[in-house]
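Next comes just one chain, in structure tokens: the form predicted on its own.
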């Protein structure tokens, strides 16, 4: 078994800052979205991804991959969005097992209404807090982590 390469003080501080900042930012985003639009952060991300997709639709497997959640977790969220009339499901003509999630007109309206508040929170608590150099370092560093993890 290889010897553990423990984190030094700076590495531990970076790791703990990442965990704390991520948790606090996610909490703020969840609160803002729930209060202003009745959506969870994951539901908002589902609507964002569908809104950006051609025809407002993505296969469920593709959608699960881009919102980084399990297929069962996505199924639950899409069911909730479907009950609210924001998303509908449709069968894939080419693959009988394939299912699309499709953004409805009401879903697009809800997304457009929720977006300004969401962007405001992200800007106030992340983007505007960092200098341009810090923001570039976050983008580059976390982008590399995501690439290596397959995101």
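Residue numbers count along the first chain shown, from 1. A quick note: this is a predicted structure, and the numbers were derived from the prediction, not measured.
Just so it is clear, the following notes concern the form predicted in complex with another copy of the chain, a form of the same protein that is not shown.
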Does residue 29 reach another copy of the chain in the predicted bound form if we count a contact as any heavy atom within 4.5 Å? yes
With heavy atoms only and a cut-off of 4.5 Å, decide whether residue 118 touches another copy of the chain in the predicted bound form. yes
For residue 104, is any heavy atom within 4.5 Å of another copy of the chain in the predicted bound form, or not? no
4.5 Å heavy atom contact, residue 99 and another copy of the chain in the predicted bound form: no
The one option of 89, 59, 49, 34 with any heavy atom within 4.5 Å of another copy of the chain in the predicted bound form is 49
Those residues of 1-39 which, in the predicted bound form, come within 4.5 Å of another copy of the chain by heavy atom: 4, 5, 6, 7, 10, 11, 13, 14, 15, 16, 17, 18, 19, 20, 21, 22, 23, 24, 25, 27, 28, 29
